[in-house]
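In structure tokens, one chain follows: the form predicted on its own.
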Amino acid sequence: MATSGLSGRLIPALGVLVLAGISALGGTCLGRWMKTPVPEAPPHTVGLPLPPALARWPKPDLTLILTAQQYGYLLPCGCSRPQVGGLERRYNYLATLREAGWALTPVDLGDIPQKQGPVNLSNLQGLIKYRYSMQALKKMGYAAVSLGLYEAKLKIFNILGEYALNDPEPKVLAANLANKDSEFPEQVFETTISQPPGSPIKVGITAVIGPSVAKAMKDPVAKFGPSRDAIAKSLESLVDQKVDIRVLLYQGAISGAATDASEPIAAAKAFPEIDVILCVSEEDEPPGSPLDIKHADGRITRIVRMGHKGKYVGTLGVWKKPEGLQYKYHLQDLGEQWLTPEGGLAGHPVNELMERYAKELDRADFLGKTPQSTHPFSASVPDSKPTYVGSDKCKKCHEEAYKVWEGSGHSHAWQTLADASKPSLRHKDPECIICHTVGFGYQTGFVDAGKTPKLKNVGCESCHGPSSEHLKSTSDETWHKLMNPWKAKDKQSETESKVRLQRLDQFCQTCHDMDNDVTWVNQGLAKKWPKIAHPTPKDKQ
């Protein structure tokens, strides 16, 4: 989707045709180029208290907000509580600091989009989710974001065309993107400056893609030069602009032990004038304090890691004292204490964005656009074409199992999406529907509630697979084994039983992973399985 080639050079002779055809091109790159920018909302009052730890701080002269590795999580995904993360809660946290009079400079390391869809879905929604994420960061007042592996997975050309081509804020930084001027003009920059109103502190920000990440990027267009040379050049520019704090967004991890071999540590030691480095975390849970690199001249470079899926925010307070700048750090989880208070949703800019996102999915019929693949059963039994038939077809022979299912949460899983709000229309979102219906993404599986009503909810075939061939010959052991690979064997050993339950646990976690179901920890299967166990009567004997 070549968007940049259209920007600013539409041929005058085609003007009438272009104007006449805009509506027809709404889904193309031209339609996206002509898209009306999202209007900026006035400041929204949240009215939440400062966290106790921050309430004890004197008000900083500047606060750096450090985030990273969102991985496409616009919202905390899941049907259990408590959940952590999401852009709404991040907005509320930042708004709370601003309501207390704090001056903020938020920056993000990148890896904002998802690099693949959930539960083996194609990444149909990756770009649109990136666009809404960037719009949300703009509303939060972000000064800069970097690029990362997840952006490269979607191709940097596409990522930039989805947002930066049309909107320069927040600035996208990658100082060592060697061909940024030729391939991505006025979309990627080396540095940016931030000095929020009311702060005496001027922040200079740059970003580089470390050698390990640059090597892992399989983007055929983006070319990266030496990160060390880019850092040196950027720091010279920031010195010329007389900044007080120098921040480096470093796309590279402190791998294993914190040694000189780790790229961010090597960068800190090579450039003691860097005050703060935000780098990639290999752990899901980030450290509670920065790694301080102390230099011979007394200066300190603070290296911060933020963890995965946007569940945490690093908060670095800065005070300007006669003897120099002083720092304090606080790691904040985005738990349910940052939910929007009752009555505060009207006019909430991020919630409005999420609602707009849900409506765009519905309007563009993303359910209908999701590709349908062949079910693995077809490969297991050549020339077979099993189809989904719906749970009601199972009731006649499996009446007791049907009653267990009917009384479970699985039997109304689709309705929970249809009834959802914040945002609404979750039943039109493929990434939600995949775990709330039968066979979505497979041929003959769920399409939508109108076309395939019998496949709403998590039914028998969600776990056992399409059962048309089994119905044709209910005694065929081939299909028995395919449809119930977790069935206990007669006189199985303790080891065999353990392996069987591990396989069952792994299958259930396709949807009940620890993001979607935070209660699926500490032997989650052992706690949940008895609620839905449905052996046939002869298996109980």
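Whichever C-alpha set is largest while still superposing within 1.5 Å between the two forms counts as the rigid core. Model, not experiment: these values are computed from the prediction. Position 1 is the first residue in the sequence shown; the rest follow in order.
The same protein has a further form, the form predicted together with ligand HEC, not shown here; the description that follows concerns it.
If you check ligand HEC in the predicted bound form, you find a heavy atom from every one of V119, E431 and H534 within 4.5 Å. For the residues H410, K328, K309, K155, the 4.5 Å heavy atom test against ligand HEC in the predicted bound form is passed only by H410. Out of the listed residues A270, L471, V381, L345, L471 is the one that sits within 4.5 Å of ligand HEC in the predicted bound form by at least one heavy atom. Although the partner is absent here, K396 sits close enough that one of its heavy atoms falls within 4.5 Å of ligand HEC in the predicted bound form.
Within this chain, H44 is remote from the site of ligand HEC in the predicted bound form, having no heavy atom within 4.5 Å. In the predicted bound form, none of the heavy atoms of S497 sits within 4.5 Å of a heavy atom of ligand HEC. Contact annotation: H480 falls within 4.5 Å of ligand HEC in the predicted bound form, judged by heavy atom distances.
With ligand HEC left out of view, the stretch that reaches within 4.5 Å of it through heavy atoms in the predicted bound form is, among 410 to 418, 87 to 95, 288 to 296, 320 to 328, 410 to 418. Residues are counted as partner-facing when one of their heavy atoms sits within 4.5 Å of ligand HEC in the predicted bound form; in 440 to 476 these are V458, G459, C460, E461, S462, C463, H464, S467, H470, L471, T474, in sequence order. After superposition on the rigid core, displacement of the C-alpha of K472 between this form and the one not shown amounts to 2 Å or more. With the core held fixed between this form and the one not shown, R56 has its Cα displaced by under 2 Å.
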